[in-house]
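Take a look at this single chain, the form predicted alone, given in structure tokens.
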Amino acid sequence: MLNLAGMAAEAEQNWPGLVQAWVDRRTPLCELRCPPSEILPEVVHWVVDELLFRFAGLIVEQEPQEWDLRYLFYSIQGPPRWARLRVRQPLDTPKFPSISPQVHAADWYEREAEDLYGVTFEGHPRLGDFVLHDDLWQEAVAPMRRDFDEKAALAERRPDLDWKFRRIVHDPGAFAMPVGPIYSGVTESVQFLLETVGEDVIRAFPRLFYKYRAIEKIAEGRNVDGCLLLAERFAATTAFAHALAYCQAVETICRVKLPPRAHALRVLVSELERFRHHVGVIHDICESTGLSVAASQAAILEEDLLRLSGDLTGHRYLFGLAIPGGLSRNLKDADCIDAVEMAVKILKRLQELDDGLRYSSSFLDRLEGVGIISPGKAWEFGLVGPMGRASGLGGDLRKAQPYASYEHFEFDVPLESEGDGFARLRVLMAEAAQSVRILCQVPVRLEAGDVAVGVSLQSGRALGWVEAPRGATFHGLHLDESGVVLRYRMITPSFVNWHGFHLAAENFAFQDFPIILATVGLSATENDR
């Protein structure tokens, strides 16, 4: 296993005169600066297939004179390490080689960059009609470019009135069933095209971004506090996780050292959010299978956890708590102890519900062997969080790239290998128990002292990361010398996992579709940022 210096030396040796390596031991990070040529896919292959790094995402930034693309990778074995491939190209040449043939998980990132920046990835099999739907917009709108004129874009909008879903199945008797994008209740806008020649779904194509909000564009020019509001409020059910990732990026840029009490309380709130989120997904699974009593019991548990969050922090969804430099309010030791004791009681009730579900044959019949994602496919698509761990794919950032003070807490990362709906349910149940296990360790680690320190803003770039309830999330930030946001990048677990959702839905019956959708626990709002 190469250390950072070894990675840098081997990269420069493999591609002499073409790749320049730079090491930042503070992160710790090895940056490889590559030319925009066929060398890039070769370097990506070396990082992923030989060094066994996982692809974290792509950050595109338009500089005054050039394009700056940063491909992020992180280790899931051995000591925490990062690799960053950096590629530059003049603004008048927005063309780069595609890395999707080497890393299929990069597919959606390249499609997103092409839609939003007008950057072309040569060799990619399918670009366009992604974030900006062709039946609503024309190509080359590129809203993330610096010179984007929203008034002109609206005035000149030319939707493709002849647009149709791209059909794959053309056998005799084949038909396509559209589902969505409008639903009753609070369900967000997603459309699915389910193709079949009988009762089984042969192809499931999700079409998202109906409520694309351009949050990364809106963030440009805002101050740090204004951008924090965007970070924590674009996906309410995981508000604290995203706010924490953003705050950690600010703190890295400004070289802020938090007091121990702030770290411990951040862990407490993070695990309380994870526990509540997982109970919410379990409720949705019970509801999708028609178990109204079990669904009601899970809904009560979720409500109890929301009330617990509100009583402890002042907000049911933990808004306004994470700030750069720590937390906005101190939580009393006695209140934390009471909250942990209540969480233990709620977990006991959840486990009683779990025992009942495991003895319900009608419930198990709808989950076992249904919605299978193989470990190989999970790795190929880079699935994260419970969805990935149910298919044997580890890589929890709390272990692989510790943040806050997670390295001081004892917990396990549940893994299953079957990759079906029941495996995903078991992971959710086990992770809820591990969250409470972590919560029980917080009170003994609560040192007296402040929960926030001052932050002196300065220029720089940094990445903040968190193992959010749905999986790994990364927030990239670029500040100028006055603390104004030049670029803000959100990489969410739902964006990653929606890419692989079709793997679970295909080759299963139509009536299984809503149940499979519930077991993956994905968010449209977390995706349509």
Partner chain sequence: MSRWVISGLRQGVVTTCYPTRMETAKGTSPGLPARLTPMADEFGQELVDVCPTGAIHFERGEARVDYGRCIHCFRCSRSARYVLEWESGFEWARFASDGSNFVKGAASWPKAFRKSMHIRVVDAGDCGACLNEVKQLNNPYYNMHRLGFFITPTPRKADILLVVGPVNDHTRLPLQAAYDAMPTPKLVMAVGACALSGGVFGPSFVTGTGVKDVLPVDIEVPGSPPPPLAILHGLLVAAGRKPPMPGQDGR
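Positions refer to the first chain, counted from 1. In this text, all values refer to a predicted model and were calculated from it rather than measured experimentally. In this text, rigid core is short for the largest set of C-alphas that superpose within 1.5 Å between two forms.
Below, we refer to the form predicted together with the partner chain, which is not included among the displayed structures.
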query	finding
Per-stretch contact check against the partner chain in the model of the complex, the hit in 320-328, 104-112, 447-455, 198-206 (non-hydrogen atom, 4.5 angstroms)	320-328
Residue among Leu229, Ile76, Leu415, Leu127 with a heavy atom within 4.5 Å of the partner chain in the model of the complex	Leu229
Sole residue of Cys440, Val169, Ala214, Leu193 within 4.5 Å of the partner chain in the model of the complex, by heavy atom	Ala214
The partner chain contact at Glu341 in the model of the complex, heavy atom, 4.5 Å	no
In the model of the complex, Gly394 touching the partner chain (heavy atom, 4.5 Å)	no
Exercise: Gln89 in contact with the partner chain in the model of the complex, heavy atom 4.5 Å	no
Partner contact for Asp225 in the model of the complex: the partner chain, 4.5 angstroms, heavy atom	yes
Within 178-199, the residues that have a heavy atom no more than 4.5 Å from the partner chain in the model of the complex	Pro181, Ile182, Tyr183, Ser184, Gly185, Val186, Thr187, Glu188, Ser189
Exceeds or equals 2 Å, Cα of Val186 between the shown form and the other one, core fit	yes
